[in-house]
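There is one chain below, alone, in structure tokens, taken in the form predicted on its own.
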């Protein structure tokens, strides 16, 4: 069975989106600075789903390849699902998506060939369902809220944080709402990309 992990870009001061994020402003105010590294490299990188293409460094491309090849399913929250407009029906990582929600959107629940599975009874159930879907591959948590809930439940094995060289000052903070502190980590990797530093940690349990 694979691991339960998290992989996301974060500002130096701990934000994964700017303030006032919405469907019209999905990265929040100034949030685009988090992803400058997606356009300043010399290596073209195409995401598995849709027409998403980036220009990143070779080191960053290797990191993305490693993450995508090991992932079997992504867990996200309903708010992110809505802000992203359900990614038009295909997430850029082209994986099955487990959506944690109190109110499943009926237009997607019974839609043929939908990549979305909706779970209404908490993060433990969402991770259990995701593990069943992923098989031997990893379960990836895809939002700050799902990460926080999974950390509080002791379900997370690894964190992979892409540190962008920007201080946003406000926005969506990654490590809010944590009840089990301190969170002790063991660093397992550090990779320097262009405009980003990729850090990997194992959760000490």
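Positions refer to the first chain, counted from 1. A quick note: this is a predicted structure, and the numbers were derived from the prediction, not measured.
The same protein also has a form predicted together with a small molecule, omitted here; what follows describes it.
When the small molecule is considered in the model of the complex, only one residue from 139, 34, 156, 56 comes within 4.5 Å through any heavy atom, namely 34. Contact with the small molecule in the model of the complex, judged by any heavy atom within 4.5 Å, is made by just one of 93, 71, 123, 86: 123.
Taking the partner from elsewhere, every residue among 16, 77 and 103 has a non-hydrogen atom within 4.5 angstroms of the small molecule in the model of the complex. Taking the partner from elsewhere, residue 27 is found to have a heavy atom lying within 4.5 Å of the small molecule in the model of the complex. Residue contact with the small molecule in the model of the complex: residue 8 places a heavy atom within 4.5 Å of it. The small molecule is not drawn, but in the model of the complex it has no heavy atom within 4.5 Å of residue 60. Put simply, residue 144 is close to the small molecule in the model of the complex: some heavy atom of it is within 4.5 Å. Of the candidate stretches 176 to 184, 34 to 42, 61 to 69, 47 to 55, only 34 to 42 has residues whose heavy atoms lie within 4.5 Å of the small molecule in the model of the complex.
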